[in-house]
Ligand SMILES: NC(=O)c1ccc[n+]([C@@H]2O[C@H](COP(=O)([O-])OP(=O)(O)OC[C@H]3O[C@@H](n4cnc5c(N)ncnc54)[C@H](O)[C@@H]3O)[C@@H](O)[C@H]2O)c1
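First, one chain by itself: the form predicted on its own, in C-alpha cells.
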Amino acid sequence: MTILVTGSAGFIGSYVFDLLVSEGHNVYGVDDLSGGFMRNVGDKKRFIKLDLRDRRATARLISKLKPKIIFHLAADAHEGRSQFTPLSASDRNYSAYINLLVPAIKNNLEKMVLVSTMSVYGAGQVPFKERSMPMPESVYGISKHAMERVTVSLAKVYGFKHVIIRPHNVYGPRQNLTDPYRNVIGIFINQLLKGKPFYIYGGKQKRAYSHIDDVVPHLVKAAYLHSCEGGVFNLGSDEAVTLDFLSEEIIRQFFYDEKVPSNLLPRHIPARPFEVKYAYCDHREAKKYIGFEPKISLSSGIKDTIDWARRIGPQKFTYLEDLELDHHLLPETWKKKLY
C-alpha cells in the first residue's frame, strides 16, 4: 500500500514521514520547500519536489503513485499573516488541497488524513472542544475549515475514509527558525542565539504549546484506528500558559543559572488588535479514541528545542519581499523587520 505525505520536508510532515518509514510502510513525500528544508528529508530517493498549486503536475504524480492513504500536511500555516496575504493562504491551502484531492479520488484513494488547525475555532469559548462549532476568523482558519468541509462532503459522495486532526502550537527540533511571521518559540530562541532580544506583543495571551514527540505518534496512530474514521481530534498540550510565562521559561532554559544580560531581556510592545487572546484545546475525543496523553512538560520540551537549535546555529530570518495587503495594522516587527 503506497502512502503519500505532503509537506514532508516541513516540521510536522518530516516526523510523520520518518515514523511511517520506521513502521515499514511504502512512503513517498512531496514538498515545494517554501517552508521546509532538505535537511529534514530522511529518504531523498522517495522525495519529490512539487508545488501542489500546479494542478497538472499534481495530477500526474498522483496518477503515477496511486496512493491509498494521504497524510496532508502541506500548508501556508501563517494564521496572523494570512490577513495580509489572503491570496497565498487561499491558494496554498484550499486550492492546493483540491488539486490533490480530486486526482486522488480518481485513483482510488482509500483514506485522507487531513491535518487541520485549531484556528478553525476562532475566538470561541476555551478550551476548544472537538464538537464545538468552528467559527474561524483568520483567512487561514477559514481556508482550513473549507478543507475540512470539502473532505467530509466528497467522502460521502465517493466513499473514501477520512480523519481530521487539529494540532495546536506544535514546537520542537526541526522547527523553522527562519520564519519571522510565526512559531513564537522558534523566533525567541533564534533571537537569543543571535545575541539579540525578542519582542512580546502584549504577553497575557494564553496558549498550550505542544511538543512534536507528543503529537506525531498519535497523529499517525489515528490513521489506522477504525474508531477514528470520520472523526475530528485535537492534539496538543493540556498545559496552557501565558506568553509572558513562555518567554520566562525560554530565558531560564537558555541561560541556565547564568545572569541574563540586560540587553537580551524581552521587550514588550502593544498587543496586536486582531489576535485571539485565549486559544487552547480540550482533548477529550483524542484521549477516548486514540489514547492520547501528552507527556512532555513545557520546560523539558523547551530545553530539547534549545539544544537542537544550538546545534544548527542561528538562522537568518526570511521576510517576504511584498505582502499582498501592506497596511498600517501590520505588526511592528514585520513592518520594520526588527528580526
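The shown structure was predicted, so the numbers you read here are calculated from the model rather than taken from an experiment. When you see a residue number, it is the position in the sequence shown, counting from 1.
The protein also exists as the form predicted in complex with the named molecule; that form is not presented, and the subsequent description refers to it.
Legend entry - Sole residue of Asp304, Glu285, Glu275, Asp32 within 4.5 Å of the named molecule in the predicted complex, by heavy atom: Of Asp304, Glu285, Glu275, Asp32, the residue with a heavy atom within 4.5 Å of the named molecule in the predicted complex is Asp32.
Inset, instruction - Using heavy atoms only and a 4.5 Å cut-off, determine which of Thr151, Ser138, Asn190, Asn169 is in contact with the named molecule in the predicted complex. - result: By the 4.5 Å criterion, the partner-contacting residue is Asn169.
Inset, instruction - Among 191 to 199, 139 to 147, 247 to 255, 153 to 161, mark the stretch whose residues have heavy atoms within 4.5 Å of the named molecule in the predicted complex. - result: Stretch with heavy atoms near the partner: 139 to 147.
Inset, instruction - Using the partner position in the predicted complex, report whether Arg53 sits within 4.5 Å of the named molecule, counting heavy atoms only. - result: Yes - in the predicted complex, heavy atoms of Arg53 and the named molecule come within 4.5 Å of each other.
Inset, instruction - Could you confirm whether Arg92 comes within 4.5 Å of the named molecule in the predicted complex, counting heavy atoms only? - result: Taking the distances in the predicted complex, the answer for Arg92 is yes, it comes within 4.5 Å of the named molecule.
Inset, instruction - Evaluate Arg182 for contact with the named molecule in the predicted complex, applying a 4.5 angstroms cut-off between non-hydrogen atoms, and reply yes or no. - result: Arg182 belongs to the contact set for the named molecule.
Inset, instruction - May I ask you to state whether Ser116 is within 4.5 Å of the named molecule in the predicted complex, using heavy atom distances? - result: Judged by the heavy-atom cut-off of 4.5 Å, Ser116 is in contact with the named molecule in the predicted complex.
Inset, instruction - Heavy atoms within 4.5 Å of the named molecule in the predicted complex is the criterion; list the residues of 1 to 21 that meet it. - result: Heavy-atom contacts within 4.5 Å come from Gly7, Ala9, Gly10, Phe11, Ile12, Gly13.
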